[in-house]
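Shown next are two forms of a single protein chain, provided one at a time as structure tokens under the names structure 1 and structure 2.
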Structure 1
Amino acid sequence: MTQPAGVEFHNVVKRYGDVAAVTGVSFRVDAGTLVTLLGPSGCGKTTTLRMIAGLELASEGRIEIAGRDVTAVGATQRDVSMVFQSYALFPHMSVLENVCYGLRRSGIAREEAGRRAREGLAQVGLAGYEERQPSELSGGQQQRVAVARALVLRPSVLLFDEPLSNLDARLRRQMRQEIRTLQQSLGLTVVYVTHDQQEAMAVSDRIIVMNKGAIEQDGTPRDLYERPATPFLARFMGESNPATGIARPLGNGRIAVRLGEAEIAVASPRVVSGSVTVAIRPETVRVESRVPNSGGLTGRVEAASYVGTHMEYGIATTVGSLFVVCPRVERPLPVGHEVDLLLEPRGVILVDG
């Protein structure tokens, strides 16, 4: 049994022929934390995860696990294990044999391996399923077997490659909670790959957002959502509407941004003036019927859809068409209705100024 350990990447590059899948990536994963690699498909997050596993070897740069240089070390000799997107349960072995596999390969005697495998299966709530074949389990159960199989090795780093993508929405929420609980109660170091922003925010201590083979931003879920560094991030981390406004400094770390008829004071680390790009979070905008001098942005309802928990509106304004979410569903505003949009400071994010 090994202690959970940290992972460090120093300027790691991965090339396939002439194509660079990962271009000079550096980051740190602290021991005992859950860090998510998040990004659209093809952004290099899975390649990065596979380089931690040792399934791909870096073309350049240095990778350290537990402070040891493992750049040229293959998967078998790194103290990591991985839960695959497809689960990769061996179809010719029973559930117990699957969970025992890694223990037996590590040279643990049959009885001891069996005991620890049963323990692992109990940990994921599958006691009693030992003799089943993987094909006789549901998707969620297969997922748990895959987790147990990786967990019983007590690896210094545990890796998850989009583990929930084959499950339905309800099971997904339940499983991600279970994974988080396991990680926290055992103090595991976990690196988790997903393209689902909500899933990432729900489970992570820290999120590393990747785009086009490079790191876009690295921070806590709250950091990323409330202070996205780039327009890409503002779009990718939750819904947002891009808009252009005119800024003037207010002093005291704040600036005023004029958006059409409205002006709103937002926090800004830098003093900027002139034209700026902002991202407007749809759930922070209040939609009211038009009254004179409300101080809001004026607009007209272009589209309205009822989706059960809330209303979604498309509203034409002087700064462009905005997507807005409104929790009031009793009296929806009809298409063509003239409205005021009341902006909130936390919902207007300066993205490039």
Structure 2
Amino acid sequence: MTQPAGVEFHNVVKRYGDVAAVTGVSFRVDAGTLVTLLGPSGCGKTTTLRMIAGLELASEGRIEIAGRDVTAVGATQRDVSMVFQSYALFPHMSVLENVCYGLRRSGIAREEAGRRAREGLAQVGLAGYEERQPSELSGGQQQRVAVARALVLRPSVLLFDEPLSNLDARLRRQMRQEIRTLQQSLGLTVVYVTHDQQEAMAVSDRIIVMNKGAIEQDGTPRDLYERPATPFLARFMGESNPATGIARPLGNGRIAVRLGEAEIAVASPRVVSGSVTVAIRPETVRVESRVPNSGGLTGRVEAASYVGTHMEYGIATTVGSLFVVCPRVERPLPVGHEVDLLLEPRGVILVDG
């Protein structure tokens, strides 16, 4: 396996006519790590991935792979491989022939190509499937063939473009773990594109969230979920309820936020006073029947839904209607029930103020 390489973007812009799909993007992917480009449809993440692959050329800026400037270099000279959303397997070829295809196109002798293809199939758990046709495989097996075909080229950088979007939920969970295990065991440099936040958090060392062609925030999964830097991030990374409160400084990196009848001390990297916007994570709110002087936020159940593993409630409060998740399913609260909402500090995130 070729020594893993890093990827660097320096103020990269991509225009299509007068429209800028990517605007002044800079980031670094360290060798041997898996970094995900995450964002809603149209945010520029796939365009960015295609610029790494050389399938699109940058309008401005510089792109480096392993310290080499590849900004103007074509796709075939970049030493990268890409796993596409559609898998792009040849239906008239066997599994082994599909995996051999890129090797043979690169001038590798048939015997050596076959040996490397069998080795690649074994790496993804498909030894013994060499003579099958793609139509005889499940969706997950087809995805593994596509990964093996990319791996046998021994690329410096492996790219994934929404690789799990065609699979059902259970298979997606299984395959994302297999991709992560493979990446770590082989020390691969991987850039991964998805619009699924849970998928991104499950596989990534770092996540780069894009919005409207620019980077919104770059950090670890925990950073982005627990310390979103903008209101967009707080809404996008998991469920959250926006609310407005009044803050006062407490010192030692904390502030007190008054939300209706409740006041809660939360972490804040800066001294804040006055009106603030916070995001309240629904899974961190404890729902209790109303008791006097609980210190919680009072409310009334507006909607209740049983979804198997938990209850989902819509609760009217003095700071607005809140979406709340409750693990207690054995005794659901009826619509109209008066409740207290007890807020956990880790679930109240300062996003503006």
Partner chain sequence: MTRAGERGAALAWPALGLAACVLLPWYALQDGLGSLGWARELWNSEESGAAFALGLSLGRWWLLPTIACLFAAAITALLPLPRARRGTLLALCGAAGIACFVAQALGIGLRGWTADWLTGLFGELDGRQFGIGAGGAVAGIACVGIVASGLALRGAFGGDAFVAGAVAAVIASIVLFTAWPILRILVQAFQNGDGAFVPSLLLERLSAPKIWTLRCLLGGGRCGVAWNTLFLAVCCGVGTTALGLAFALIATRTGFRYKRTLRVLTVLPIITPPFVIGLALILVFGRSGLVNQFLEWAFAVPPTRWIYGFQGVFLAQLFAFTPVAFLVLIGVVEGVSPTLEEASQTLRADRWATFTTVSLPLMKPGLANAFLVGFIESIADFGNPIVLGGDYRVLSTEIYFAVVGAQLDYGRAAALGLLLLAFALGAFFLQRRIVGTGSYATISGKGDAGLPTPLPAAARRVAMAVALPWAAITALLYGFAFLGGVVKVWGRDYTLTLEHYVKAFAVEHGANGLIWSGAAWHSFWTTVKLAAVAAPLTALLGLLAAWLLVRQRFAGRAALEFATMLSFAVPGTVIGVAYVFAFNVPPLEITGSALIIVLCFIFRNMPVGVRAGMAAMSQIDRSLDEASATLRGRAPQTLAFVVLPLLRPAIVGSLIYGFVRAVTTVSAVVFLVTAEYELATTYIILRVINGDYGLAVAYSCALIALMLVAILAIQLAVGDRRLGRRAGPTQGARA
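Take the two forms, superpose them, and find the largest set of C-alpha atoms that agree within 1.5 Å; that set is the rigid core. Throughout, residue numbering runs from 1 along the sequence of structure 1. All of these numbers come straight from a predicted model, not from anything done at the bench.
- Form assignment for the chain places structure 2 as the one matching the criterion, namely the form predicted alone.
- When the rigid core is held fixed, the Cα atom of Glu111 travels less than 2 angstroms between structures 1 and 2.
- The two forms, fitted on the rigid core, differ between structures 1 and 2 by 2 Å or more at the CA of Arg132.
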